[in-house]
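Quick heads-up: it's one chain on its own, the form predicted on its own, in C-alpha coordinates.
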Amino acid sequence: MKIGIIGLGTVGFGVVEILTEQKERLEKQIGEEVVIKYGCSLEEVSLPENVIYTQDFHDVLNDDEVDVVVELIGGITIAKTIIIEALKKGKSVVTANKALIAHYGEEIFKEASLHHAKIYYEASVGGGIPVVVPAKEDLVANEILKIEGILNGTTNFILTLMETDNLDFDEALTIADGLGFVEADASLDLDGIDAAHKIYILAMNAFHSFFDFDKIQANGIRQVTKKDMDYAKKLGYRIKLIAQAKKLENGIGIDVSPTLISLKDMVANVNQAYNVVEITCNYLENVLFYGKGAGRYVTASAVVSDIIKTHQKDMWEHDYTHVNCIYPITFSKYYIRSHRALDIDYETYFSQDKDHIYITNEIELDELTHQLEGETYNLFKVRG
(Lines give C-alpha, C1' and ligand atoms only; values in the text may rest on other atoms or scores of the structure.)
Protein backbone atom coordinates (compact mmCIF):
# COMPACT_ATOMS: atom_id res chain seq x y z
CA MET A 1 0.00 0.00 0.00
CA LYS A 2 1.51 3.30 -1.10
CA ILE A 3 -0.05 6.50 0.19
CA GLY A 4 0.01 10.12 -0.87
CA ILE A 5 -1.07 12.62 1.77
CA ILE A 6 -2.26 15.96 0.39
CA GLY A 7 -2.46 18.53 3.18
CA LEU A 8 0.13 18.53 5.96
CA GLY A 9 -1.56 20.72 8.52
CA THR A 10 -2.44 19.65 12.04
CA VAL A 11 -4.32 16.50 11.04
CA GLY A 12 -2.18 15.65 8.03
CA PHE A 13 1.02 15.62 10.02
CA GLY A 14 -0.76 13.62 12.72
CA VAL A 15 -1.52 10.98 10.08
CA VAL A 16 2.17 10.92 9.08
CA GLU A 17 3.19 10.42 12.71
CA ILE A 18 0.70 7.60 13.37
CA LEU A 19 1.56 5.75 10.16
CA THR A 20 5.26 6.08 10.97
CA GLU A 21 5.03 5.10 14.64
CA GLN A 22 2.55 2.25 14.09
CA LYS A 23 3.97 1.04 10.78
CA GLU A 24 5.07 -2.41 11.95
CA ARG A 25 1.85 -3.16 13.81
CA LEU A 26 -0.38 -1.98 10.95
CA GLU A 27 1.58 -4.02 8.41
CA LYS A 28 1.17 -7.16 10.50
CA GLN A 29 -2.55 -6.45 10.74
CA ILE A 30 -3.14 -6.24 6.99
CA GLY A 31 -0.26 -8.40 5.76
CA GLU A 32 1.03 -5.69 3.46
CA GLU A 33 3.69 -2.99 3.54
CA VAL A 34 2.38 0.48 4.41
CA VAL A 35 4.43 3.23 2.75
CA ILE A 36 3.91 6.98 2.75
CA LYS A 37 5.32 7.88 -0.66
CA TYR A 38 4.31 11.56 -0.79
CA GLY A 39 3.59 14.42 1.54
CA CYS A 40 2.09 17.39 -0.30
CA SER A 41 1.59 20.91 1.03
CA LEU A 42 2.36 24.49 0.05
CA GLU A 43 4.69 24.93 3.01
CA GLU A 44 7.55 22.48 3.39
CA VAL A 45 7.63 20.49 6.61
CA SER A 46 10.05 18.00 8.07
CA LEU A 47 8.99 14.56 6.86
CA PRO A 48 10.34 11.10 7.67
CA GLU A 49 13.18 9.77 5.53
CA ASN A 50 12.10 8.42 2.12
CA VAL A 51 8.85 10.42 2.07
CA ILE A 52 8.86 12.63 -1.01
CA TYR A 53 7.83 16.24 -0.38
CA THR A 54 5.99 18.07 -3.15
CA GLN A 55 3.99 21.25 -3.54
CA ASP A 56 2.13 19.91 -6.58
CA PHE A 57 -0.74 17.50 -5.89
CA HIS A 58 -0.52 16.30 -9.50
CA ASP A 59 2.68 14.48 -8.54
CA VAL A 60 0.58 12.32 -6.23
CA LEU A 61 -2.32 11.82 -8.64
CA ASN A 62 -0.15 10.98 -11.63
CA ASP A 63 1.97 8.37 -9.85
CA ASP A 64 0.60 4.94 -10.72
CA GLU A 65 2.27 3.46 -7.64
CA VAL A 66 0.05 5.48 -5.28
CA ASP A 67 -2.88 3.35 -4.15
CA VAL A 68 -4.45 5.70 -1.60
CA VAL A 69 -4.87 9.47 -1.83
CA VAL A 70 -5.53 11.18 1.50
CA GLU A 71 -7.17 14.61 1.06
CA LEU A 72 -6.77 16.84 4.11
CA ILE A 73 -6.64 20.36 2.68
CA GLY A 74 -10.32 21.15 3.30
CA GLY A 75 -12.52 23.49 1.31
CA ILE A 76 -14.78 22.61 -1.61
CA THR A 77 -12.79 23.74 -4.65
CA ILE A 78 -9.28 22.29 -5.08
CA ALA A 79 -10.16 19.43 -2.72
CA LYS A 80 -13.02 18.46 -5.01
CA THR A 81 -10.69 18.43 -8.01
CA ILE A 82 -8.19 16.25 -6.16
CA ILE A 83 -10.80 13.71 -5.07
CA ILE A 84 -12.56 13.49 -8.45
CA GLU A 85 -9.27 13.07 -10.31
CA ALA A 86 -8.04 10.43 -7.87
CA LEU A 87 -11.28 8.45 -8.26
CA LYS A 88 -11.11 8.69 -12.05
CA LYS A 89 -7.68 7.06 -11.85
CA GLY A 90 -9.15 4.25 -9.74
CA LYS A 91 -7.28 5.25 -6.60
CA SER A 92 -8.81 4.86 -3.16
CA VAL A 93 -9.60 8.14 -1.41
CA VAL A 94 -9.70 8.97 2.28
CA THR A 95 -10.95 12.38 3.37
CA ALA A 96 -12.02 14.28 6.47
CA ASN A 97 -13.74 16.93 4.35
CA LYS A 98 -17.25 17.23 5.77
CA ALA A 99 -18.17 20.33 3.76
CA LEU A 100 -17.23 18.69 0.48
CA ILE A 101 -19.23 15.53 1.21
CA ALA A 102 -22.25 17.57 2.33
CA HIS A 103 -22.24 19.79 -0.77
CA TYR A 104 -20.97 17.43 -3.46
CA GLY A 105 -21.32 13.92 -2.04
CA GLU A 106 -23.79 12.78 -4.69
CA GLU A 107 -21.43 13.73 -7.52
CA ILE A 108 -18.35 12.31 -5.78
CA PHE A 109 -19.91 8.95 -4.91
CA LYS A 110 -21.25 8.51 -8.44
CA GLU A 111 -17.72 9.08 -9.71
CA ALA A 112 -16.39 6.49 -7.27
CA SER A 113 -18.98 3.95 -8.40
CA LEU A 114 -18.29 4.64 -12.07
CA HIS A 115 -14.58 3.91 -11.65
CA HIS A 116 -14.96 1.15 -9.02
CA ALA A 117 -12.90 3.23 -6.59
CA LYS A 118 -13.17 3.30 -2.81
CA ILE A 119 -13.82 6.40 -0.74
CA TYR A 120 -13.99 6.56 3.06
CA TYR A 121 -14.74 9.54 5.28
CA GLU A 122 -15.08 8.47 8.93
CA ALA A 123 -13.06 11.50 10.10
CA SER A 124 -15.59 13.91 8.57
CA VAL A 125 -17.98 13.41 11.51
CA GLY A 126 -17.05 13.50 15.17
CA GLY A 127 -13.27 13.54 14.77
CA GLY A 128 -12.04 10.19 16.02
CA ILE A 129 -15.41 8.93 17.27
CA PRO A 130 -16.29 5.84 15.21
CA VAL A 131 -19.85 6.65 14.13
CA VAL A 132 -19.97 6.70 10.31
CA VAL A 133 -18.76 3.11 9.97
CA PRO A 134 -20.99 1.68 12.75
CA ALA A 135 -24.05 3.52 11.42
CA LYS A 136 -23.40 2.37 7.85
CA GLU A 137 -22.25 -1.18 8.58
CA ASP A 138 -22.87 -2.44 12.11
CA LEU A 139 -26.48 -1.24 12.37
CA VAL A 140 -27.47 -2.80 9.04
CA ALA A 141 -30.05 -5.07 10.73
CA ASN A 142 -31.84 -1.98 11.99
CA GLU A 143 -33.88 0.74 10.38
CA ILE A 144 -32.46 4.00 11.70
CA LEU A 145 -35.34 6.20 12.80
CA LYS A 146 -33.61 9.25 14.22
CA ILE A 147 -30.16 10.74 14.78
CA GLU A 148 -29.38 13.59 17.11
CA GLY A 149 -26.48 14.90 19.07
CA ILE A 150 -23.78 17.44 19.75
CA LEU A 151 -21.64 17.51 16.62
CA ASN A 152 -19.57 20.66 17.11
CA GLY A 153 -17.01 20.73 19.90
CA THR A 154 -16.33 24.47 19.64
CA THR A 155 -19.88 25.54 20.44
CA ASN A 156 -20.11 22.94 23.18
CA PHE A 157 -16.90 24.30 24.71
CA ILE A 158 -18.27 27.86 24.58
CA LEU A 159 -21.59 26.89 26.18
CA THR A 160 -19.74 24.95 28.89
CA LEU A 161 -17.54 27.97 29.65
CA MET A 162 -20.57 30.26 29.84
CA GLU A 163 -22.10 28.00 32.48
CA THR A 164 -19.08 26.94 34.55
CA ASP A 165 -17.12 30.22 34.46
CA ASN A 166 -20.14 32.55 34.55
CA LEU A 167 -19.20 34.22 31.25
CA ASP A 168 -21.25 35.87 28.57
CA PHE A 169 -21.06 34.65 24.98
CA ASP A 170 -18.40 37.10 23.76
CA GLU A 171 -16.10 36.37 26.72
CA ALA A 172 -16.36 32.62 26.20
CA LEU A 173 -15.81 33.00 22.46
CA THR A 174 -12.61 34.98 23.05
CA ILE A 175 -11.22 32.21 25.28
CA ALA A 176 -12.21 29.47 22.83
CA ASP A 177 -10.59 31.37 19.96
CA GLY A 178 -7.40 31.90 21.97
CA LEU A 179 -7.19 28.15 22.58
CA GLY A 180 -7.51 27.41 18.86
CA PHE A 181 -11.00 25.89 19.01
CA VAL A 182 -12.65 28.31 16.56
CA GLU A 183 -12.43 27.87 12.78
CA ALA A 184 -10.80 30.65 10.73
CA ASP A 185 -14.33 31.32 9.48
CA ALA A 186 -16.05 31.46 12.88
CA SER A 187 -19.52 31.32 11.29
CA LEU A 188 -18.96 27.64 10.47
CA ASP A 189 -18.98 26.89 14.18
CA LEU A 190 -21.12 29.64 15.67
CA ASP A 191 -23.94 29.54 13.11
CA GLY A 192 -24.33 25.77 13.12
CA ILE A 193 -22.96 25.18 9.61
CA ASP A 194 -20.26 22.73 10.70
CA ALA A 195 -22.84 20.71 12.64
CA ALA A 196 -25.14 20.83 9.60
CA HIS A 197 -22.39 19.35 7.41
CA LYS A 198 -22.04 16.46 9.83
CA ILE A 199 -25.74 15.74 10.32
CA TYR A 200 -26.08 15.75 6.52
CA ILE A 201 -23.53 12.94 6.25
CA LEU A 202 -25.15 10.90 9.00
CA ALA A 203 -28.64 11.39 7.55
CA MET A 204 -27.43 10.61 4.03
CA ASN A 205 -26.22 7.17 5.09
CA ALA A 206 -29.00 6.47 7.59
CA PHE A 207 -31.81 7.23 5.15
CA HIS A 208 -30.00 6.26 1.92
CA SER A 209 -30.73 9.70 0.52
CA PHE A 210 -28.98 12.58 -1.17
CA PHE A 211 -30.48 16.04 -0.85
CA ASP A 212 -29.50 19.67 -1.25
CA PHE A 213 -27.41 20.77 1.73
CA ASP A 214 -28.74 24.34 1.50
CA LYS A 215 -32.19 23.09 2.50
CA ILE A 216 -30.96 22.37 6.04
CA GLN A 217 -32.06 25.05 8.48
CA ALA A 218 -29.14 25.80 10.80
CA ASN A 219 -29.36 28.13 13.80
CA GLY A 220 -26.25 28.67 15.89
CA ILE A 221 -25.54 29.84 19.44
CA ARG A 222 -25.08 33.59 18.97
CA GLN A 223 -28.48 34.28 20.57
CA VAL A 224 -27.83 32.13 23.66
CA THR A 225 -27.29 34.34 26.71
CA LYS A 226 -25.98 33.56 30.16
CA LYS A 227 -29.37 34.58 31.51
CA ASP A 228 -31.15 31.99 29.34
CA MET A 229 -28.69 29.32 30.47
CA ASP A 230 -29.34 30.17 34.12
CA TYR A 231 -33.11 30.06 33.66
CA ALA A 232 -32.85 26.77 31.77
CA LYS A 233 -30.84 25.24 34.61
CA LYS A 234 -33.40 26.46 37.14
CA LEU A 235 -36.01 24.54 35.13
CA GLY A 236 -33.84 21.40 35.07
CA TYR A 237 -32.34 21.84 31.59
CA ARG A 238 -29.04 22.69 29.91
CA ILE A 239 -28.75 24.42 26.52
CA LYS A 240 -26.83 22.51 23.85
CA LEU A 241 -26.46 22.97 20.09
CA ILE A 242 -28.30 19.92 18.79
CA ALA A 243 -28.23 18.58 15.25
CA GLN A 244 -31.02 16.15 14.47
CA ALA A 245 -32.49 14.23 11.58
CA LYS A 246 -35.39 11.81 11.22
CA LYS A 247 -37.18 10.07 8.40
CA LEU A 248 -40.64 11.46 7.62
CA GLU A 249 -43.37 9.90 5.52
CA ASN A 250 -42.91 12.61 2.91
CA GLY A 251 -39.19 13.31 3.22
CA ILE A 252 -36.57 14.05 5.85
CA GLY A 253 -36.77 16.26 8.91
CA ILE A 254 -33.38 17.81 9.67
CA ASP A 255 -32.04 20.90 11.39
CA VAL A 256 -29.51 22.37 13.82
CA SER A 257 -30.62 24.54 16.71
CA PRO A 258 -29.88 25.47 20.34
CA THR A 259 -32.06 23.16 22.44
CA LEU A 260 -32.88 22.73 26.11
CA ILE A 261 -32.02 19.18 27.20
CA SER A 262 -33.07 17.72 30.56
CA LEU A 263 -30.19 17.51 33.04
CA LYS A 264 -31.22 13.88 33.57
CA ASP A 265 -30.34 13.16 29.94
CA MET A 266 -26.84 11.85 29.13
CA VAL A 267 -26.57 14.27 26.20
CA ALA A 268 -27.02 17.26 28.52
CA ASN A 269 -23.97 16.17 30.48
CA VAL A 270 -21.58 16.08 27.52
CA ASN A 271 -19.41 19.12 28.13
CA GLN A 272 -16.22 20.84 27.01
CA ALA A 273 -15.20 20.05 23.40
CA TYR A 274 -16.72 16.57 23.42
CA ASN A 275 -19.23 15.28 20.89
CA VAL A 276 -22.04 12.77 21.25
CA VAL A 277 -24.24 11.08 18.65
CA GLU A 278 -27.42 9.27 19.65
CA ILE A 279 -28.96 6.92 17.09
CA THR A 280 -32.48 5.57 17.55
CA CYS A 281 -33.22 2.28 15.76
CA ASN A 282 -36.19 -0.06 15.54
CA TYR A 283 -34.41 -3.07 17.12
CA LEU A 284 -31.36 -1.82 18.98
CA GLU A 285 -33.39 1.18 20.18
CA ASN A 286 -30.87 3.78 21.41
CA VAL A 287 -27.10 3.69 21.02
CA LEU A 288 -24.68 6.52 21.89
CA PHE A 289 -21.27 7.36 20.47
CA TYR A 290 -19.21 9.70 22.65
CA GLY A 291 -15.72 11.15 22.54
CA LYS A 292 -13.47 14.01 21.48
CA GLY A 293 -14.65 15.59 18.27
CA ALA A 294 -11.43 17.29 17.17
CA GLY A 295 -7.68 17.39 17.62
CA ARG A 296 -4.53 16.30 15.73
CA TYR A 297 -4.36 12.69 16.86
CA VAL A 298 -8.10 12.33 17.50
CA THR A 299 -8.98 13.04 13.87
CA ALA A 300 -5.80 11.49 12.46
CA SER A 301 -6.67 8.18 14.12
CA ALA A 302 -9.93 8.04 12.14
CA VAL A 303 -8.08 8.91 8.92
CA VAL A 304 -5.57 6.11 9.49
CA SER A 305 -8.41 3.65 10.18
CA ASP A 306 -9.91 4.55 6.80
CA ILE A 307 -6.54 4.18 5.08
CA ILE A 308 -6.25 0.64 6.45
CA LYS A 309 -9.88 0.00 5.47
CA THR A 310 -8.99 0.56 1.80
CA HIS A 311 -7.04 -2.72 2.00
CA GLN A 312 -10.31 -4.65 2.28
CA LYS A 313 -11.90 -6.04 -0.87
CA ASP A 314 -15.34 -4.64 -0.10
CA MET A 315 -16.19 -1.06 -0.97
CA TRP A 316 -18.97 1.20 0.22
CA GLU A 317 -21.87 1.71 -2.14
CA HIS A 318 -23.88 4.92 -2.19
CA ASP A 319 -26.75 3.94 -4.45
CA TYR A 320 -29.06 6.46 -2.83
CA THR A 321 -32.16 8.32 -3.98
CA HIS A 322 -32.22 12.10 -4.30
CA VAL A 323 -34.87 13.52 -1.95
CA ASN A 324 -36.37 16.97 -2.50
CA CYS A 325 -38.65 17.20 0.55
CA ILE A 326 -36.42 18.45 3.37
CA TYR A 327 -38.00 20.15 6.39
CA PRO A 328 -36.88 21.63 9.70
CA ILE A 329 -38.20 19.76 12.73
CA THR A 330 -40.59 22.32 14.16
CA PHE A 331 -43.15 20.42 16.24
CA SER A 332 -41.68 20.71 19.71
CA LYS A 333 -41.89 22.19 23.15
CA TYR A 334 -40.30 25.64 23.31
CA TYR A 335 -38.55 27.79 25.90
CA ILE A 336 -39.61 31.42 25.78
CA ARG A 337 -38.24 34.39 27.73
CA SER A 338 -40.26 37.59 27.45
CA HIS A 339 -40.42 40.93 29.25
CA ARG A 340 -44.18 40.64 29.66
CA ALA A 341 -46.74 37.95 30.41
CA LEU A 342 -47.89 36.05 27.32
CA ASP A 343 -51.20 34.50 26.35
CA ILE A 344 -49.89 31.08 25.34
CA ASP A 345 -50.44 27.44 26.28
CA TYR A 346 -47.63 26.36 28.58
CA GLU A 347 -46.38 23.42 30.61
CA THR A 348 -44.18 25.43 33.01
CA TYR A 349 -44.02 29.10 33.93
CA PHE A 350 -42.21 31.33 36.38
CA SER A 351 -41.22 34.97 36.56
CA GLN A 352 -38.02 36.51 37.88
CA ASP A 353 -37.10 40.19 37.96
CA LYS A 354 -38.72 41.52 34.77
CA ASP A 355 -38.55 38.23 32.88
CA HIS A 356 -41.40 35.81 32.17
CA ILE A 357 -40.17 32.29 31.47
CA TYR A 358 -42.24 29.58 29.76
CA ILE A 359 -41.86 26.00 28.64
CA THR A 360 -44.71 25.50 26.18
CA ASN A 361 -46.61 22.34 25.46
CA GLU A 362 -45.75 20.78 22.10
CA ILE A 363 -46.75 23.08 19.28
CA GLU A 364 -45.87 23.84 15.68
CA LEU A 365 -43.40 26.73 15.52
CA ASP A 366 -45.46 28.62 12.91
CA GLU A 367 -48.49 28.55 15.19
CA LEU A 368 -46.42 29.68 18.17
CA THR A 369 -44.72 32.56 16.35
CA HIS A 370 -48.14 33.68 15.09
CA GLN A 371 -49.33 33.82 18.71
CA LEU A 372 -46.19 35.81 19.63
CA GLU A 373 -46.54 38.34 16.82
CA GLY A 374 -45.58 41.81 18.04
CA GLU A 375 -43.82 40.48 21.15
CA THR A 376 -40.10 40.61 21.97
CA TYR A 377 -38.72 37.29 23.15
CA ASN A 378 -35.95 34.69 23.14
CA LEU A 379 -37.03 31.25 21.93
CA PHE A 380 -35.29 27.87 21.86
CA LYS A 381 -36.42 24.29 21.31
CA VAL A 382 -36.94 21.95 24.27
CA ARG A 383 -36.25 18.24 23.86
CA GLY A 384 -38.64 15.81 25.51
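This is a predicted model, so every value here is computed, not measured. Start at 1 with the first residue shown and count on from there.
Keep in mind that the form predicted in complex with a small molecule is missing from the display, and what follows is about it.
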With the small molecule left out here, work out from 288 to 296, 213 to 221, 243 to 251, 82 to 90 which stretch has heavy atoms within 4.5 Å of it in the predicted complex.
288 to 296
With a cut-off of 4.5 Å between heavy atoms, is residue 194 one of the residues that contacts the small molecule in the predicted complex?
yes
My question is simply whether residue 183 lines the interface with the small molecule in the predicted complex - judged by any non-hydrogen atom within 4.5 Å.
yes
Contact with the small molecule in the predicted complex for residue 153, defined as at least one heavy atom pair within 4.5 Å: yes or no?
yes
Is there any non-hydrogen atom of residue 255 lying within 4.5 Å of the small molecule in the predicted complex?
no
Establish, in the predicted complex, whether 228, 238 and 381 all lie within 4.5 Å of the small molecule, using non-hydrogen atoms for the distance.
no
